[in-house]
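Only one chain comes next, encoded as structure tokens, the form predicted on its own.
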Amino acid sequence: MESKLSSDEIQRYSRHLVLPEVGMAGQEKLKAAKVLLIGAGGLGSPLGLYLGAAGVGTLGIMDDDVVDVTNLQRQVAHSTPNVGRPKVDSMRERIEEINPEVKVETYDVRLSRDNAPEIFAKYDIVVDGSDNFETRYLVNDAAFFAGIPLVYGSIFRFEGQISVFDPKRGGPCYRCLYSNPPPAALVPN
């Protein structure tokens, strides 16, 4: 059977290929994967870099914010020359520098009920790196109705949470665990 990886990709991913848990078949699955990343900030920034470096074939990045100097100490995909630029553009360029084999699709828009179904339909999995409850619930609902797995992450100061919600496997979704967002007055900034 001929490999779906080029000789350059085989060299690039050689450390993955020797791992029995990944190997050629696993790397080819990564290359075929289409992952949508919501948020290019504190969580999304390192996630995007690692997904791109690992060889995810198509990586969608959705964020409607611009890089601010206050982001730079924690949002590692961005740098000083990118201050004022859309985060999706800054991050796309950085991922392409790390791995030009990855197809990066950008969405410089806020996720909404109107655009979610069309965008989510293009991807196999969605990763939520958002920083607000409104978006978090919308991401959950859109992934649930699209029937695609949702990888959820959240941080507060020095603590974090991560979970995977997969509607195809019949498990709970984010809204199943937390039916309503907390009152705005109780949400830490």
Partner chain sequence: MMGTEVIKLIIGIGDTLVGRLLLYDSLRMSFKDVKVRRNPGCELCGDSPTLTELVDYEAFCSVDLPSAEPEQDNVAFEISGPELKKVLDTGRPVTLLDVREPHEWEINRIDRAQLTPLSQFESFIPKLNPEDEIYLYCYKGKRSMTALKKLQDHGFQQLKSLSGGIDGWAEQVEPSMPRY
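Residue numbers count along the first chain shown, from 1. It should be emphasised that the depicted structure is a prediction, and the values quoted were computed from it without experimental measurement.
Not on display, but discussed next: the form predicted together with the partner chain.
- At a distance threshold of 4.5 angstroms between non-hydrogen atoms, Asn180 is in contact with the partner chain in the model of the complex.
- Though the partner is left out of this view, Arg15 does not reach within 4.5 Å of the partner chain in the model of the complex, counting heavy atoms only.
- For the chain shown alone, Asp63 is not a contact residue for the partner chain in the model of the complex, no non-hydrogen atom being within 4.5 angstroms.
- Although the partner is absent here, Arg113 lies within 4.5 Å of the partner chain in the model of the complex, judged by heavy atoms.
- Each of Glu21, Leu138 and Asp141 places at least one heavy atom within 4.5 Å of the partner chain in the model of the complex.
- In the model of the complex, the residues of 142-179 lying within 4.5 Å of the partner chain by at least one heavy atom are, in order, Ala142, Phe144, Phe145, Pro149, Val151, Tyr152, Gly153, Phe158, Glu159, Gly160, Gln161, Ile162, Ser163, Val164, Asp166, Pro167, Arg169, Gly170, Gly171, Pro172, Cys173, Arg175, Cys176, Leu177, Tyr178, Ser179.
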